[in-house]
Each structure stands twice: as C-alpha cells, then as structure tokens.
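Starting off, we have a lone chain in the form predicted on its own, written out as structure tokens.
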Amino acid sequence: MQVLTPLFHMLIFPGFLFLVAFGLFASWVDRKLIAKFQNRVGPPVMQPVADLVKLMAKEDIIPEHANRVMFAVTPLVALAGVIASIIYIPLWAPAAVNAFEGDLIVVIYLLTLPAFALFLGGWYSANPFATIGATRVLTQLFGYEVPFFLACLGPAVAAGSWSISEITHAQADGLWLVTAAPVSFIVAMIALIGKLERVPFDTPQAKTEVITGPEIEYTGRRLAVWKLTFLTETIVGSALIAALFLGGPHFWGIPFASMAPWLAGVVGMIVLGVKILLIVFFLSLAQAALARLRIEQMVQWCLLWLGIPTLINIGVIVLMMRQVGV
C-alpha cells in the first residue's frame, strides 16, 4: 500500500487521469464560451476528446536536424511538472495529498517547467520559426513570472504560512483572502493568462507571425502531449488561485464538519470545480475581448502595471497584520 497509494495519486486521482478528464471538459467549456461571445455555435462536448484521439493516431515525426533527445523529452518533462504539482493543492479536503510547509514554492517552481521545456523543445527543433517562438517564450517568462510569484506571496503573508493547505485552511470560516489581497488576486489572474500563453499574451504562439511557434515541428503523440500540458496547466493554475484566494474547497454556509468524510470530499470537490470553471470563464472572456500584445509591450506592462501594485498590496497586508498584532 505504501507504493500503490502514491501511484494512485499520481496516475489516477488527483493526478494524470483526473487532470486530463477535467482539462478536456474545461477545454470544451472554454471553446463553447468563446463561441458564444463571438455569436457562434461552438463545438460538441466530445470535440476535445476527438481532437486528442486524432493527434494520438497521427504519425510522429522528428526533424532531421533536430536534437532527438531534447525534442522527445521536453514535452514529457512539461507534462510531468504539471501533474506533480497537483498533489500539493487541496482539492476536496483542507489538506492536500502531500502537503508540507513550503509547498507553495514547489508548485510555483513546477508550473515554470512547461515554459522552460517549451523553450528547449522549440530551440532544439532546428526550425527558424520554432526558434523565434522559443525566444518569445523565455522573454515572456520574465514578464509574468515575477508578478505571479508576488501575487501568490500576498495570501502567504496574510495567512502566515508557505503551505497551500494552511492558506486554504485559514479561509475555512468563509473569509476569503481575496478580500485582504484583491490586487494580488487580479494580478494572479492576469499572470495566469501569460503562463498559459493565451490572448492577449499569446505572442509565442502567434499563428499569423510564427506559425504556432515552438511546437511547429511537433506532430502526433508529442504534439498531443503539449496540448495536454496546457490543458492540465489550466486546471492546476486555476486550482492554485482558487486555493490561495477563494477558499479552495471551502464555501461559506456548507457544514463540512457535520458531514461524513466522503460526502464532505464530494461537496468540496464540486465547490472547487465550480470555482475553477469561473476562472476559465474569465480566461475565455479575456480571449474573446482582447487583442494580442507585442512581446516588449507584454513584458513592460507586466513588470510595471502588475509587479508594482502587487508589492504595494503586500505592504498593505503587512501593515494591517501589524495593526491587529499578528
């Protein structure tokens, strides 16, 4: 059991299979919402599954001049980093599967792996368009990653802990930390768009400029792994924001303490799922309403208009805690 339990958590729930299933459903919700915003019908519910199966069935080609090892390994590293991060986020209970003090830093680090892996995959593809896209991935990373870290620092300071589970538990009484750090919440939401390379921060993937960027040479199963990486990162990033700012599986008025453990877990999972879908709604709305920024505009805008307000918000939180004697 000591071996089977961690394998179950990594491969089934809350790991690979759960993330893929929820990611495909969230992808359909995302595409359906964007279609409605643009007065279109949108895809059927099984379309993301059909797209994934089609990619898995296509031929897997490695370019002749590409670094075969780096080209093959980077998508797996990216997906593994995202899957590993979910076990530190509470999904159905106040404590995550592998919670410990400092797991917030680990999750932030793991969520940077897809960007670095995408850069390396594009760089070693031996394609000029992939190289341009890879350079943009790394440049954009320096724009959104600092504000995202500072935004996550706000709830950590307010709760007095670097553990995501402890931060979530501090909101069990219904007072969400978004009220203490509203600026950090907004910055985290915007920085998440950059991490997922969605409009208006989709410069590395700009189809009209660099023809899907770093992934241009990827086909078949490896391209499907890249797609799965971004799908699962959407869920993990949204779950992290929900845990830090929106109480995670907690919701005011639901008597979790009086419920059976299994029922409390199901209700908590549903509550968190609704919060994740609300964040996906925000991502869809941003994609439908905004236009792409140039890469230098993105970096300057993130560092100036996201980084500085977040630092001010953290300073306000520290002053408030001193006033109440915490």
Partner chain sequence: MAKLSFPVGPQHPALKEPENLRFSVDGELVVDADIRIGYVHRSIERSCSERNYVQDLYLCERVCGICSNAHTQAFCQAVEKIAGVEIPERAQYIRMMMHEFERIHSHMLWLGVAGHEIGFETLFMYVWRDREVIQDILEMVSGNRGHYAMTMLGGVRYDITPEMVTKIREGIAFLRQRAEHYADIATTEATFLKRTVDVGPISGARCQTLGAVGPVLRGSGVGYDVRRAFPYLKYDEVEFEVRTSELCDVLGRTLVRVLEVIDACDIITQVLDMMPEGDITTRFPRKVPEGEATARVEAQRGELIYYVRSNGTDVPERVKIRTPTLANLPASLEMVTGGYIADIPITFASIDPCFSCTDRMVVLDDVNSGDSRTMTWPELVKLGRRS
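If you're wondering where the values come from, they're calculated on a predicted model, not measured in any experiment. Positions refer to the first chain, counted from 1.
Another form, the form predicted together with its partner chain, is not on view; read the next lines as being about it.
Item to complete: Would you check whether its partner chain, in the model of the complex, lies within 4.5 angstroms of a non-hydrogen atom from each of Q38, T208 and Q297?
Response: All of them do, each having a heavy atom within 4.5 Å of the partner.
Worksheet item: Among the candidate residues G102, P255, P128, G160, which is the single one with a non-hydrogen atom no more than 4.5 Å from its partner chain in the model of the complex?
Response: Looking at the other structure, the residue within range turns out to be P128.
Discussion item. Only one of L293, A264, A66, L283 gets a heavy atom within 4.5 Å of its partner chain in the model of the complex. Which one?
Written reply: The option sitting close enough to the partner is L293.
Discussion item. Against its partner chain in the model of the complex, would R136 count as a contact residue? Criterion: heavy atoms within 4.5 Å.
Written reply: R136: yes, in contact with its partner chain in the model of the complex.
Discussion item. In the model of the complex, does I61 come within 4.5 Å of its partner chain, counting heavy atoms only?
Written reply: Contact check for I61: no, nothing within 4.5 Å of its partner chain in the model of the complex.
Worksheet item: Using heavy atoms and a 4.5 Å limit, would one call M46 a contact residue for its partner chain in the model of the complex?
Response: Flag for M46 set to no.
Fill in: Close approach of M56 to its partner chain in the model of the complex, 4.5 Å, heavy atom
M56 lies outside the contact set for its partner chain.
Worksheet item: its partner chain isn't shown here, but in the model of the complex, which of 234 to 242, 177 to 185, 199 to 207, 71 to 79 has heavy atoms within 4.5 Å of it?
Response: Selected stretch: 199 to 207.
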